[in-house]
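Below sits a lone chain in structure tokens, taken as the form predicted on its own.
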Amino acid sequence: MKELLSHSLTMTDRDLRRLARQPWWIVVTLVQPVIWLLLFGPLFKGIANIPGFHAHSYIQFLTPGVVIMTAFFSGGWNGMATIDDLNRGVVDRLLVSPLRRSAFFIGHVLQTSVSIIIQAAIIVVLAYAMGAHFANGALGLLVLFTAAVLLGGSLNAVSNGLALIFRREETLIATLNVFMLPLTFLSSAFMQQNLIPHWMQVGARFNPLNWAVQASRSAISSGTDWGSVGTHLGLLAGLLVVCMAFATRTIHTYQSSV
């Protein structure tokens, strides 16, 4: 366990150093969520007047959705860095070293978690400046950040695992787009779940992105159902374990094919 922790932190340090050399990446990934807040918030603010809509303002309703979507896409696109490492022979050199195999993915997940926390903090501050309020104080925000990290980490593991299988940017991009965009809209990120079509409500129940949105939104709203929050966080934690197991398995697939 001590060796695994040491190797994982070494990989995290490597990835954070690479991120520090390209800090614009965090800025670029924030452009879209900032647009969602600045444009979607005012554009759809009238939704808060729809009968049955529970939030007092659309900005407050939208904020957790934007945080979770940002984490979702940040984790999902992390596999591009692994393809770059494959092309430069870095992965092959790591695999012939004493590095613990799971540490390769744990390092990526931890680095992505740091990025997600920074992005989420910026979005929360911006939303607060636009009039959003967060019930339950630090505890509510902790749940929001935890849900974002768990979901982003899961997508990170899947993305990096697929990168080892596909080994081509075009294939990875096409595969991620097929799944990530539909899952974004098949959730309550933009609209309250009981107000979307029934078939979408059914799909949203099995959508990990929606689990994260539901847990986050409930935690920062008054009248929090902590049982539901705990259930959704538990599902996200289980998903992360499954995704990490899948990612670790892809290393053996990759090694057997080279």
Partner chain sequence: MNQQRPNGNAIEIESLVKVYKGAVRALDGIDLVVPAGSVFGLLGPNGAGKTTAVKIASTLSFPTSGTIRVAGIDVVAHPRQVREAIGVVGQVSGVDVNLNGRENLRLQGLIRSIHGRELKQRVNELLEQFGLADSAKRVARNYSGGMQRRLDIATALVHRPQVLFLDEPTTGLDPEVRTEMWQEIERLTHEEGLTILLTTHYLEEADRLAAKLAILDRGKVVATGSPEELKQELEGDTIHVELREDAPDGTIRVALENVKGIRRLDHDVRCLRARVEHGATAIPLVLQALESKGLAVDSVSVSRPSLDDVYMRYTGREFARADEEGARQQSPAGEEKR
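Computed from a predicted model, the values in this text were never measured in an experiment. Residue numbers count along the first chain shown, from 1.
What comes next is about the form predicted together with the partner chain, which is not displayed.
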Candidate stretches 113 to 121, 71 to 79, 90 to 98, 181 to 189 - the one whose heavy atoms come within 4.5 Å of the partner chain in the predicted bound form: 90 to 98
Partner contact for Arg18 in the predicted bound form: the partner chain, 4.5 angstroms, heavy atom: yes
Exercise: Arg168 in contact with the partner chain in the predicted bound form, heavy atom 4.5 Å: yes
4.5 Å heavy atom contact, Leu176 and the partner chain in the predicted bound form: no
Close approach of Leu162 to the partner chain in the predicted bound form, 4.5 Å, heavy atom: no
